[in-house]
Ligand code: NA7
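Only one chain is shown below, in structure tokens, and it's the form predicted alone.
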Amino acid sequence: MQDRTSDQEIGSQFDVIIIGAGISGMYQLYRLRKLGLTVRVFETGKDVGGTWYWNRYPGARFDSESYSYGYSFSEELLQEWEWQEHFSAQPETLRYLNYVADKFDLRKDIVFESPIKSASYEKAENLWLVTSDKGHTSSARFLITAIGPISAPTLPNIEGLDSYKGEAYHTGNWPHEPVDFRHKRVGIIGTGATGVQVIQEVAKTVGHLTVFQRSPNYCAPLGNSAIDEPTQKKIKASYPEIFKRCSETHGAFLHKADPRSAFDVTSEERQAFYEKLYAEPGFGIWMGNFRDVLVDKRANDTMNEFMARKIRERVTDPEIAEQLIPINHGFGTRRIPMETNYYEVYNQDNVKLVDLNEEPIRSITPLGILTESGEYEFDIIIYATGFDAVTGSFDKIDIRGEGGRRLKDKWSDGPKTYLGLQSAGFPNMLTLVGPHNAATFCNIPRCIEQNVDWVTDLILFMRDQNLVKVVASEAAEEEWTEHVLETAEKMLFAKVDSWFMGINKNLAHKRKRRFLLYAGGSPAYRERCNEVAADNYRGFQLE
């Protein structure tokens, strides 16, 4: 059962306030409580889980191996919990996070159903004042954001959105009750990673499904399966090796890039290697490919040809197959959706693909969706239209630093951070999985633990040195932001429009193209963070 916090407690002063009770917020709470600090977490949802609380849509599941995704900080937890599948589905993942919350008694310090409306830094008191949407204000020396990189859902910018009379759902804000698709006419807008997952699941039971696609993606087989007892025992005995390998790879996944170039081998050897990756489970085809596939267009083109051939082999109608092959980006330059029989969905008689480049949507109507070619009537419309990624969740909160400057205004032309963990002018505010942080382009829990451990060590250092204020210097912020952008320019995805670059065509407001992640890799990022800490937190002004 959830603990309920009184209004008096809500309005109290704490050492630390954390916004968000997802994977990062829960672990940060655990670490800070161990230091004996008073901590309060404010969470919008009715319970813990973050991404896995909200994204309950059919087909939602890991694309990281389950045993590489869970927390690593507790050996007891690792041995107690048994993942049922190699790539866990959302219900099991949420059960896991509830199990963690129960095991470590985390809920007693979490205020649920409490979206944060504003957070302002008061210089005279060196405190953050944090106000919920209910008008309750609390204060703390430190403010830590744990709000997630994909937690601000975006509905499409289409006329008539509110006029529709049927059932309508965004995948990022799915109802807690099951949705029945049997004998229903269903329309889905969006074919990104989320859209792919929900399409292949809805197609199993739907009466008729219409998929509205603007840009197809290169999708790769997930290769999921149940974990049998011998494998379960092997996993539990192998956790040190599993986490060590994750710490050594670019994206903290189990998959490490092949050191060869795509042109170090013959054409036959290259095709055989691609076939091997395609047949193996997980992100190996993205993260374990030839080292130059994501940086050299010629190498990338060899992968594009291979993936296009696979799509043509799996989709029986040649015309539909061509519509499902991307022409505006190369393999891996956008996030790779992992799928299970996704392409086979389009072989079903009760599934129709609408190419929005040829047949644009004019409006949403009371009965369904009106395109240039006519009206489609639906019982249910699903919006798989993504998120205002990375910075969108910050924009939803009125965050004001020194001199009352709004973070949203500071980041209007793109985020500026130091290590992706702080922004100059916002003292004592630390951003877990923030923009320009390796955790945004990572097997997230692995990088979350690095973020949380580093922030915890900083706060401990400050306590031991009788320091009460930390703020990134302008010079350090400028140097890091430049480094982030220079690193991104080496990658092909910097030349492609995607949420990596702050682009979501569903947003009503157009944004300047800017890189939001950190592409230098988890090991390099961790090394840089450790160097900064070892040098008395170089680049931070400590008072």
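From 1 onward, residues are counted along the sequence shown. None of these values were measured; they are calculated from a predicted model.
The protein also exists as the form predicted in complex with this ligand; that form is not presented, and the subsequent description refers to it.
With respect to this ligand in the predicted bound form, the three residues G166, V206 and F378 uniformly fall beyond 4.5 angstroms at the level of their nearest heavy atom. The single contact residue among V100, C447, I150, V130, judged by any heavy atom lying within 4.5 Å of this ligand in the predicted bound form, is I150. Among N126, S118, S267, N157, the residue placing a heavy atom within 4.5 Å of this ligand in the predicted bound form is N157. Contact check for G192: a heavy atom falls within 4.5 Å of this ligand in the predicted bound form. The shortest heavy atom separation between S72 and this ligand in the predicted bound form exceeds 4.5 Å. Although the partner is absent here, T385 is a contact residue: one of its heavy atoms lies within 4.5 angstroms of this ligand in the predicted bound form.
In the predicted bound form, this ligand sits within 4.5 Å of a heavy atom belonging to R214. Only one listed stretch (193-201, 364-372, 173-181, 417-425) carries heavy atoms within 4.5 Å of this ligand in the predicted bound form, and that stretch is 193-201. Looking at 66-88, no residue comes within 4.5 Å of this ligand in the predicted bound form, counting any heavy atom.
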